[in-house]
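Below sits a lone chain in structure tokens, taken as the form predicted alone.
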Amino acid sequence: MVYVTGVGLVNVDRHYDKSTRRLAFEASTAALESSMAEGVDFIIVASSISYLHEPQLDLASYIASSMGLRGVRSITVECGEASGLAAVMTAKALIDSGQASRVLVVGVDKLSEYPSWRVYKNLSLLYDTESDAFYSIGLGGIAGLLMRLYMNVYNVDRLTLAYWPALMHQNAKANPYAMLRFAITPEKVLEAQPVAEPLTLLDTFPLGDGAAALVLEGKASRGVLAEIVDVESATGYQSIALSDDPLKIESLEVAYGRLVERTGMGSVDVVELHDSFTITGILILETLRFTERGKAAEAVAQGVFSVGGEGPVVNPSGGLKARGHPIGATGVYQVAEVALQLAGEFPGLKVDGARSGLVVSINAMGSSSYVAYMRAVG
């Protein structure tokens, strides 16, 4: 068993005055203080874009040293957008194997201090550099193509799809760690600046900086927020152009199937999933079979995944769309948010009585997918 005993979050924003190490320090200090932990066996740092912007390899050891944790074991994890949940998976494996009893997991990335052309050039490396990134139409271009295909195949109108970002902004309003804490209407989404028709600017995640940290323990007598039951993963196609069905995220289907088989999990109460674009969130809902294919956008518009709806509450944090998406740190935010929901301590929109949760993190359009099943304790 692996328990979350401490959480530290930095609000996602444009932190021009803080370095990568400073953001990591603030999140880590808060997590260690909340857990009342006395030392850790490992520090695992998830980061994806920062080393391209602030050139630094072996980031985990330098973050550990700057925190005064010299002598601690350190590992740096880079798995693109899924880095955060991959780091949690690594920490859980260390604890399950007996190599560690307490691990500090830190996710950190900075995107906002650099020219947009440089940021988007580096973000294109999340996709295959021999195909999609080399002959790039951009992240938004790929998402726009998928959105148009989805609309044509399932006869879904554009306004119905716009209910997803509107819901994410509504959820984020109460989250003190969210970057975009204001409401929008579905109509406003359609009126926003075009990115790659039919995709608009309000269908995309904002560029921001962030850091989140977790203290994970194998045995804990007090201060437990939640249990991480299992984490699974799978790799997928290097490009959606190679898939027979680009409207299904096959790596996620495999990873989720493994998770269900290993844990016997059924329905869950709260889900934090990867909605880098509106269409990504919709495809994830359908890949997980939370709705029939072609029906997720309509279900969102009808309130199925909102508080009081028929399904699990999805992204009460505001998701990548409105909480923000500091790339390598996002998976750590998601685990922290679900843990706080299960403990009844999330500072934003609460899912009352939540006893189980799911975290979904993918890179690009499914080159790899990670899923985590979490339960309340007590």
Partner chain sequence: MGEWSSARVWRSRVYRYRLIAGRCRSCGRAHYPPANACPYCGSRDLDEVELPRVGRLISYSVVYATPFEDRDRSPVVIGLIDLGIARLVAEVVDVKPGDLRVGDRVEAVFRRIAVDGNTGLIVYGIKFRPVRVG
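Residue numbers count along the first chain shown, from 1. These numbers were taken from a predicted model, which means no experiment stands behind them.
Keep in mind that the form predicted in complex with its partner chain is missing from the display, and what follows is about it.
A.B. asks: Does G257 make contact with its partner chain in the model of the complex, using a 4.5 Å heavy atom cut-off?
C.D. replies: Judged by the heavy-atom cut-off of 4.5 Å, G257 is well away from its partner chain in the model of the complex.
A.B. asks: Within 4.5 Å, heavy atoms only: does S239 come near its partner chain in the model of the complex?
C.D. replies: The answer is yes: S239 has a heavy atom within 4.5 Å of its partner chain.
A.B. asks: Answer yes if any heavy atom of S131 is within 4.5 Å of a heavy atom of its partner chain in the model of the complex; otherwise answer no.
C.D. replies: S131: yes, in contact with its partner chain in the model of the complex.
A.B. asks: Can you work out whether W117 and its partner chain are in contact in the model of the complex, taking contact to mean some heavy atom pair no more than 4.5 Å apart?
C.D. replies: Contact check for W117: yes, within 4.5 Å of its partner chain in the model of the complex.
A.B. asks: When its partner chain is placed as it is in the model of the complex, which of 263-271, 140-148, 224-232, 88-96 ends up with heavy atoms within 4.5 Å of it?
C.D. replies: Within 4.5 Å of the partner lies stretch 140-148.
A.B. asks: Can all three of K248, G318 and V371 be found with a heavy atom no more than 4.5 Å from its partner chain in the model of the complex?
C.D. replies: Verified in the model of the complex; spot residues all out of contact, no.
A.B. asks: Which one, Q302, T185, S136, S101, lies within 4.5 Å of its partner chain in the model of the complex by heavy atoms?
C.D. replies: In short, S136.
A.B. asks: Quick check on this chain: which one of L207, V195, V72, I75 has a heavy atom within 4.5 Å of its partner chain in the model of the complex?
C.D. replies: It is V195.
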